[in-house]
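As a starting point, one isolated chain is supplied in structure tokens, in the form predicted on its own.
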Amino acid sequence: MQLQLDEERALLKDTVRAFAKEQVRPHARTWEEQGALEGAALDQAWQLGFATLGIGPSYGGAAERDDATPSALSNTLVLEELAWADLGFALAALSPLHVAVPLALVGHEGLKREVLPGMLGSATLPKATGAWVESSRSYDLRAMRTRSSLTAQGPVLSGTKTLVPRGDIAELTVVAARARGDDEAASFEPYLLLGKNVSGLSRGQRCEVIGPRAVPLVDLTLDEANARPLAHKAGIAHGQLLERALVGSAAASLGVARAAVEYAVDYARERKAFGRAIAQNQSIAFMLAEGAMDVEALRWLTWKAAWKIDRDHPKGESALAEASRAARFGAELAFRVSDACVQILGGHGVIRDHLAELFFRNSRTLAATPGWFMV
């Protein structure tokens, strides 16, 4: 593994970082208070073109070959920068990857040609999302309760998904469901809900959450909802999508953790007590240093997992162990670092004049929502 990004990825990271710093972070608090994101900013994020990089030209992508696949590492870089600026914005802006990535990796050829060109060629953020998260206390990415069954008309889905980003308006929704009856060992498969008014699909009211409030998060109830099988061969999607979902969780945690550390550092340098900056107090300096070290550790865990996905999937090897470690460490770290940020700000840490409380709320939500992101 090279510890330095190539020129193309370095440029991608710099471009998205500049956009996040100039067009997203300054508005994060306003969007959070209003409970709505600015559509023009979401469209600008989509127009950066990150979703098209690993998809072949026949499907509307920017890759040179049709057999290209989306790079988990490239998408991880994008997600970190947008989550650093605002987790809610990242959740909305990257929601179409839940459709584009599975289709590009394992999709039916006909379905790829039917969906991807129009989606990737859109000048506005597509109304596309993924429904993975479930409200069960026992929910994890390997044990979903949503089930599929086969009828004469095709597969139908039954179950409930929660906290689906932009699920209120989605016209393309990839749903992860158990593929075979009541078999507890059955792997999940991705299914596509095509259109907004799908038979058997009910959309709930907007969820009130402690986490990102700027992006609409809704429940989807599936009562034998008509769906289309996404993967061209049963069983091939489970490992590939699971790993990418776990790396996505780690990348989002990385963005939030990095934001919290940088915010705390800036505050501690400016805030003075007893005639000197509080950053000079040993206890606070240690908290800042440990947070910065942990963020770097998480970055390398996340990049390593993404790099291994890109390198080893063509060989049929798994990156599940690396992805699982990154996701677990990321969820714990983001909360720990965000909590330290609140502590360093003291009374300022719990009021909305500062972003520290937003980082804290977002980090708590990330720990409960594996599958929220797809890289």
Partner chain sequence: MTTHALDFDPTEKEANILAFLHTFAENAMRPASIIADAHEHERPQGAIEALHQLQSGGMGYRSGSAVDGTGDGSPAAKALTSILRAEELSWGAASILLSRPGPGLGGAAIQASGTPAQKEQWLKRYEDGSVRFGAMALTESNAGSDVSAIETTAVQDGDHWLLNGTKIFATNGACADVVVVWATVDKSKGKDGIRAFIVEKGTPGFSIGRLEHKMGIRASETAELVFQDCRIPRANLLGEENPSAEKKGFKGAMATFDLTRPGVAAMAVGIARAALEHTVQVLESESGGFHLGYGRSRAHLSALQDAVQAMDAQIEAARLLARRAAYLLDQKQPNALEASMAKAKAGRVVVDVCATCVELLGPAALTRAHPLEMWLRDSKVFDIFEGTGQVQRLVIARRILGYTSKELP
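As the structure is a computational prediction, the values presented were derived from the model and not from experiment. Numbering follows the first chain given and starts at 1.
We do not show the form predicted together with the partner chain, though everything after this point is about it.
Checking L201, V115, V164, L73 for any heavy atom within 4.5 Å of the partner chain in the predicted bound form turns up a single hit: L73. Comment: the partner chain is not present in this chain, but in the predicted bound form one of A93, V101, L246, L79 has a heavy atom within 4.5 Å of it, namely L246. The stretch in contact with the partner chain in the predicted bound form, judged by heavy atoms within 4.5 Å, is 286-294, chosen from 286-294, 207-215, 168-176, 102-110. The partner chain in the predicted bound form is not approached by A62, whose heavy atoms all lie more than 4.5 angstroms from it.
Within 4.5 Å of any heavy atom of the partner chain in the predicted bound form lies no heavy atom of T151. At the 4.5 Å threshold, heavy atoms of A18 stay clear of the partner chain in the predicted bound form, well away from it. At a distance threshold of 4.5 angstroms between non-hydrogen atoms, A231 is out of contact with the partner chain in the predicted bound form.
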